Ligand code: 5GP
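In structure tokens, one chain follows: the form predicted on its own.
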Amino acid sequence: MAAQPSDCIFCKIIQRQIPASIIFEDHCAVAILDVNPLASGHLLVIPKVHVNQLVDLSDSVAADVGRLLPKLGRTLLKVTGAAGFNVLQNNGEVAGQVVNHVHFHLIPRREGDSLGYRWQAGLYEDDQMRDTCESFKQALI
């Protein structure tokens, strides 16, 4: 594992320098109960390698972490009895990221839970969708 910043709370959890309710751990990640849950059973899935955002993860670590999400999601549904769950991953302060160590939220959802969800869909104008699609294809790395 690469050197970790001394002030990263998730690195400290991974290194057992501070306590956490760890529910799962393997070679690539830990899953913990969020100490400030949006709902009971709210999990955080945290890669062991310290990178700030999703775009900084290597393909192999991203794949390893991605393989854990279905298993942890099934476990979350079984344990909480929730009807569904959200997988949330924030990148950058403007997107709501508070801890600068990439992580995934698994948030149990129940009918009428009042957690809310803002999705204000829009439409592309004229040729904007085609042009945007072409820009993505040309920039894909």
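Remember, predicted model here, so these are calculated numbers, not experimental data. In case it trips you up, residue 1 is the first one in the sequence shown, and so on.
Not on display, but discussed next: the form predicted in complex with guanosine-5'-monophosphate (5GP).
Only one segment in the set 112-120, 76-84, 59-67, 28-36 has residues whose heavy atoms sit within 4.5 Å of guanosine-5'-monophosphate (5GP) in the model of the complex; it is 28-36. Site residues Ile9, Val98 and His105 are all in contact with guanosine-5'-monophosphate (5GP) in the model of the complex, judged by any heavy atom within 4.5 Å. In the model of the complex, guanosine-5'-monophosphate (5GP) stays beyond 4.5 Å of every heavy atom belonging to Leu72. Within this chain, Ile13 lines the site of guanosine-5'-monophosphate (5GP) in the model of the complex, having a heavy atom no more than 4.5 Å away.
A residue is said to contact a partner when one of its heavy atoms sits within 4.5 Å of a partner heavy atom; Leu44 meets this definition for guanosine-5'-monophosphate (5GP) in the model of the complex.
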